[in-house]
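Taking the form predicted on its own, here's one chain by itself in structure tokens.
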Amino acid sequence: MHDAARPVPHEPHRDPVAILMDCDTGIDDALALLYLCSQPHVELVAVTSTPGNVDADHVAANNLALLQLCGRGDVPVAIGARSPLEIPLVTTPETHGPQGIGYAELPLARRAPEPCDAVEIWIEAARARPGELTALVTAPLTNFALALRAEPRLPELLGGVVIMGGAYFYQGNTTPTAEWNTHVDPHAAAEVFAAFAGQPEERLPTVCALETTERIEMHPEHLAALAEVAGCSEPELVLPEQPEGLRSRASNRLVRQVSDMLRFYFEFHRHYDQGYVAHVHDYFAASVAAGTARYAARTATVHVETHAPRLMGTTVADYRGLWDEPANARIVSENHPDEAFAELVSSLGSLAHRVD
């Protein structure tokens, strides 16, 4: 049986880390990508694009434009799957806007996605650098599942895996029991967790689920602090009493884009009676992958429901070994929002100042 009473603590560090990121960009994915670009100890090996918040072409366009904004045109961007494994794609323009980035209007990137498939990039990179790469997935797990089909040794080849997805002992944000990423492609999620069953504990995916990512709740004052660190000439005020859709006039171009993304996200959360806030789920997962977050995680066996219509994408965690099945995940059980936002404001503000 698993040791249900033993959350394992993890302290922040800035040891060099090489990350393969797969995302469905998405406002909080965008913030996660910008954050990784702000970290000198992080090597972004590639950014691959999965359909989810928007279709795969929009995801790739957003990734290319964000990397260009940060002066990171050297990072390969590739498209993989264009739909979930077995069910139709559902996107979420009401949450992230029709382009996936809220009110922001990013300049078109000067380059196109790589001609090769995202799965090829993952497999070639993992084979070339066994044990060195951390996979960060802030999207439905479609590309990861396809990569595991093509190279079943990925759990041994990767140095680490961080996944944003699922909800355990917590209300879903898409159905009463299911989180968005897992609901979009539950079959892929089931395949990924099955592939890690029985791996040593240090190789199990670290899962950032809703019960901890919704604690990373961004407020307008965080955005104001970011603009101040970036050296903006005027305070950046995004306030609930302002007209919806108001665009930023910040003197810093990266702050303008982030502000226009987040205003849309604040408004979305308010429309759904959650307050004028933004749950930046994927930033937290990125900080876990980068090693900059303090958190604790518990080992569990995860089941993803793929048959019952009303429960599709529901994730269940057996922390006690009651199923008598090997563990396949480490689920984050504790995090520290104040520390997370101090880190984000400092690091992203410094990046904004550097690239303006």
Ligand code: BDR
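Residues carry their position along the shown sequence, with the first being 1. These numbers come from a predicted model, not from an experiment.
As for the form predicted in complex with beta-D-ribofuranose (BDR), it is not shown, yet the points below apply to it.
If you check beta-D-ribofuranose (BDR) in the predicted bound form, you find no heavy atom from any of N62, R256 and D260 within 4.5 Å. You can rule out all but one of 147-155, 176-184, 248-256, 218-226: in the predicted bound form, only 176-184 has residues with a heavy atom within 4.5 Å of beta-D-ribofuranose (BDR). Using a 4.5 Å cutoff between non-hydrogen atoms, T315 does not count as a contact of beta-D-ribofuranose (BDR) in the predicted bound form. A residue is said to contact a partner when one of its heavy atoms sits within 4.5 Å of a partner heavy atom; S287 fails this definition for beta-D-ribofuranose (BDR) in the predicted bound form, lying far away. Using a 4.5 Å cutoff between non-hydrogen atoms, T138 counts as a contact of beta-D-ribofuranose (BDR) in the predicted bound form. Among residues of the shown chain, L210 is one whose heavy atoms approach beta-D-ribofuranose (BDR) to within 4.5 Å in the predicted bound form. The partner is not shown here, but in the predicted bound form the stretch 280-307 reaches within 4.5 angstroms of beta-D-ribofuranose (BDR) through a heavy atom at H281, D282.
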